[in-house]
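Here you get one chain, nothing else, as C-alpha cells; it is the form predicted alone.
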C-alpha cells in the first residue's frame, strides 16, 4: 500500500500525521518526505544515515563547431529552455525538463546532454522505519525530478507513506501519482476550507480515493465539516486543539509516543485507510 498525506496549504499538520502513522504502523514501513524544498520528517524520526545520493538531470550542451544556428531546437522546446536567434542557441538550465527532444531534432547533431546536479536523496533508518527524503539544491527551480528520484527508491514489497509538499502544484501531482489512497489534512478555518476545496478537486481529477483529517478540529468553525458532508467526502479523523500536541511537536516528539492516549486515534485512521477502496494495490502510475 502507498498512502499519501497531502494538504492544500502549508502548516495544517501534514507531516505530523505522516510520521505518527509511520510510528503506529507496528511493522517495517517506509516514509518518503517528498517536500524536497523543506524536508522535515527527519526532525521527528532521527536515525542513522544509510546513504546519500547525488541526483542529476540532463541539460543540453551545444557543440559550437557543429551548430549552424538553424533554430530547430528552440522551435521544438515547449518550455523555452533553449532559444536561437540565428546564432548558437542559448540554454536556460532552470527551465529544462530533460526530455532530450532538442538533441533529437538537431539536424547537425550539435547537441548532447550533460549532467546538472539538482539535489540529494538521503536514506535513514530508525526503529523499523526507513525514511527517504530529498533535499533540493538552493537555486534549483523544479522539484518534480527530485521527487521522482525519492519515490523511485521505495521498495515495492513494503508499505509506504508519502509526505507530500503543500499546495496543489506540479510537485504535489508528481507525488500523488504514485499513491493508492490520499489523506488530505486541513484545519477548520476559511483558508483551510478554501485550500481543501482545491486539494479535493485535484485528487478527484487524478481519480484517487481519499479522505480528510481535520487538525485542531475544535479551534475554528464547522464549515469544513459542512463542506465534507455536502461533497460526500469522508472525515477520517478529527484531531482536537490540544496544547500538549503543539508542545510535543515543537520539541520534535511524536504524539503517539509522548501522549499515548492518542494512539487509538491514529490507529483508527490507519485502519480506515487500509480498509479504503483500492487500498493495498501495488500500482505505479
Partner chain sequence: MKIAFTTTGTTLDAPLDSRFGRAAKFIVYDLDANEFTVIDNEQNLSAAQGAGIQAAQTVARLGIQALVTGHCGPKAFRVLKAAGIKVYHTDASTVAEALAKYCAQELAEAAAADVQGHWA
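Note that this is a predicted model, so its numbers are computed, not measured. Numbering follows the first chain given and starts at 1.
One more form of this protein, predicted in complex with the partner chain, exists but is not displayed; see below.
Within this chain, residue 205 is remote from the site of the partner chain in the predicted complex, having no heavy atom within 4.5 Å. In the predicted complex, residue 95 approaches the partner chain with a heavy atom inside 4.5 Å.
Interface membership of residue 91, defined by any non-hydrogen atom within 4.5 Å of the partner chain in the predicted complex, is confirmed.
The shortest heavy atom separation between residue 194 and the partner chain in the predicted complex exceeds 4.5 Å. The contact residue chosen from 125, 108, 158, 80 relative to the partner chain in the predicted complex is 80, the criterion being a non-hydrogen atom within 4.5 angstroms. Proximity to the partner chain in the predicted complex, defined as a heavy atom within 4.5 Å, singles out one entry of 198, 170, 141, 152, which is 141.
Of the stretches 95-103, 159-167, 174-182, 207-215, only 95-103 has residues with a heavy atom within 4.5 Å of the partner chain in the predicted complex.
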